[in-house]
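A lone chain, given as structure tokens: the form predicted alone.
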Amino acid sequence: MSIEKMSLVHLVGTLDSLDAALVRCCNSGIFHVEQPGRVAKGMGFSPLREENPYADILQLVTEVMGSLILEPDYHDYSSLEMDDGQVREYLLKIKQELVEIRQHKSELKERLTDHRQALAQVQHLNGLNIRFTDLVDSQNSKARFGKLPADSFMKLEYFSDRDFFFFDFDHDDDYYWGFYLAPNTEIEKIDQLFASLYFERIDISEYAHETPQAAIEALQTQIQIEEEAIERCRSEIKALREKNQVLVYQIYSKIKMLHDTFAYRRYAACSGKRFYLEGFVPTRKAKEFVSLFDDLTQVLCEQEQVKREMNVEPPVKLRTNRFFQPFEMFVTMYGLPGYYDFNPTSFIGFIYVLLFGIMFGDFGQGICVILAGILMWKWKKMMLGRALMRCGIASMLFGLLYGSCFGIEGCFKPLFSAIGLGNIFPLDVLDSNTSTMLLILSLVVGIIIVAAAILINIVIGLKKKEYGKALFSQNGIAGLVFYLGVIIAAVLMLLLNVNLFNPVFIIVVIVLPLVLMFFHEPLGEMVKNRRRKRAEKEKFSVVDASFEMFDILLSYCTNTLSFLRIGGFILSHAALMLVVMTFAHMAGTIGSPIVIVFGNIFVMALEGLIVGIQVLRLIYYETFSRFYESSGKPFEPVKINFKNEGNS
């Protein structure tokens, strides 16, 4: 439950060896590169600015892989002996072959589309039993083939005095297919008339020689020829892919490595023919990293442990025990802690598992939660699935204490009777005495969690020498004394009739902490003994401090009462399952199992989601807000991503 200790690594060498050094940094998987800092400037180094010479060839090989339908991935390229010129010539040759095949395929597809559309149109003229040429080649008249909207067809009778004939051979609800004849002297006027009626002409000049039946057969033959030609194009591309994919993958892997490592040169600084590069590596692997450069005689690699006085900002890598590691996603969602802060993952994970189990306590449903988590992790690699496995275990344990398994209450009574705890467990959640006890215990759990969060804030504040935060704030020692003092005094008065509210207690435990919280900012400055110039001093506002005190007192109350929802969800879960069992009893022998199954599914889906959200809310608002500052930057080692961005 800590933050990985980092060492600052310095790499100095000849500029010719920079690429080799960067390759080893990328392959190590543990080097977080930084922009050149004050060390580089003090040594006379300046930032390196260059254009990447591998950008064009990487784009070329990527285009070739896309045309060959090859997914980007890494292949060992140690046996590749082609130089840059040979690689470029080889890729251009493949690209040209692919362009020709695809261009031919595209032309075939266009012709195929045209012929399919023509076939669909000509099939509507199948009722015409004369040759197209007998109509098209007439010297005294012109024929126009096409389709006419159904509503326009009905309007033709209004133009019966015009010199044309319309012959229809097929129709549906929307169109009439056919042709119209008109004398050569009137054809232009008739064309204008039919255009106004939205007549759509069909160009049949390419195959208007014989009857429609012969044209249909000719089109079908042509379509078959073109489909076979397109399939041959696909086979050619497939053969080209199978023949060249190994070599293309090797070229891609090498070029990608060269391109990405060259891109990291922007982090290097140079002076003459020397380069300087710095970054962070985990301290426990620092010696291993330094040893990677032992055989590079022109590169010197040194490391030093990061210290607070170095005035550097190391990246943050969380170290969490394996059980609570899935809950790092909740921490990173809120933002990473600072390098010198506290890794709260185990603390948060424990609270989340505990509260989820308490609020969603059912042995059988807990098993289902575990199975759902396993499926989410195995199939989708969702970190939430691993978290659900832990939550399911807690649900099973508390379900055992509540005596609930898929809503069937009391099924664990024999177990507890056998071990001598039958008078205590399982708990009858809906009993009035038990319900009151659960609500009180919910408050106790909330008080412990709030107090623990304040203690964490105190430790962090003292560690960072932020004494105003650690000693005098509402989440410091003053706030802890006031919060726990008032609660303990109230509990003793209510349960044991012991009155601690005497003048000394009121002054020491209530008044003094409130005064310290009221003046926590100026007091913090005094303790640190930090004198600032008048222009930098912030004027203390009594009005602002008064409103802040009101908010502090209100938050103590609301934050504590928020934990009552824990007991509320215990009762609501039991009540929902009681409703399910009541309906199951009413459904009879046949319907009862169906109601129980679907009732459990409904309760798990509804309440499981709500409980998960509510626990997260308690963590973020009632816990995180008391001590957490998301000021860290993530540890991102340099690497070569050979796969697509979306699939990585």
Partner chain sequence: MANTNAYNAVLAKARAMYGKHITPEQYQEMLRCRTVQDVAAYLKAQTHYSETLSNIAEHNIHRGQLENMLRRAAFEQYGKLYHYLPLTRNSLFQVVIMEEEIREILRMVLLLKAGNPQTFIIDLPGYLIQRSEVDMMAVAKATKFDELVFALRDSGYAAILRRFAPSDANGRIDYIGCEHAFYEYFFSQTFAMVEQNYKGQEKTDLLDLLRINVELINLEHIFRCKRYLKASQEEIVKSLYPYYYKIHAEQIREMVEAKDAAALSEMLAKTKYQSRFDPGELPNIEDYTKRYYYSLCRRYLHFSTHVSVVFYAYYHLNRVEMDNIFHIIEGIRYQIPENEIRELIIN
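Take the two forms, find the largest set of C-alpha atoms that superpose within 1.5 Å, and that set is the rigid core. Keep in mind the model is a prediction, meaning the values are calculated, not measured. Numbering follows the first chain given and starts at 1.
Beyond the structure shown, there is the form predicted in complex with its partner chain, which is absent from this document and is the topic of what follows.
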Note to self: With a cut-off of 4.5 Å between heavy atoms, is Lys273 one of the residues that contacts its partner chain in the model of the complex?
What the structure shows: no
Check: Heavy atoms within 4.5 Å of its partner chain in the model of the complex: does Gly385 have any?
Finding: no
Notebook entry, point to check: Quick one: is His520 in contact with its partner chain in the model of the complex, heavy atoms, 4.5 Å cut-off?
Noted result: no
Checklist line | Contact label in the model of the complex: Asp173 to its partner chain, heavy atom within 4.5 Å | finding: yes
Next item on the list: Would you mind picking out the stretch of 354 to 362, 147 to 155, 290 to 298, 413 to 421 that comes within 4.5 angstroms of its partner chain in the model of the complex, counting non-hydrogen atoms?
Entry: 147 to 155
Checklist line | its partner chain: the contacting residue among Tyr90, Tyr340, Tyr267, Phe159 in the model of the complex [heavy atom, 4.5 Å] | finding: Phe159
Item checked: Of Asn502, Ser196, Gln96, Ser541, the one that lies within 4.5 Å of its partner chain in the model of the complex (heavy atoms) -> Ser196
Check: Would you say Leu148 moves between the shown form and the other one, meaning its CA shifts by 2 Å or more once the core is fitted?
Finding: yes
Margin query: Rigid core superposed, CA of Tyr175 - does it shift 2 Å or more between the shown form and the other one?
Written below: yes
Notebook entry, point to check: When you overlay the rigid core, is the Cα of His115 off by 2 Å or more between the shown form and the other one?
Noted result: yes
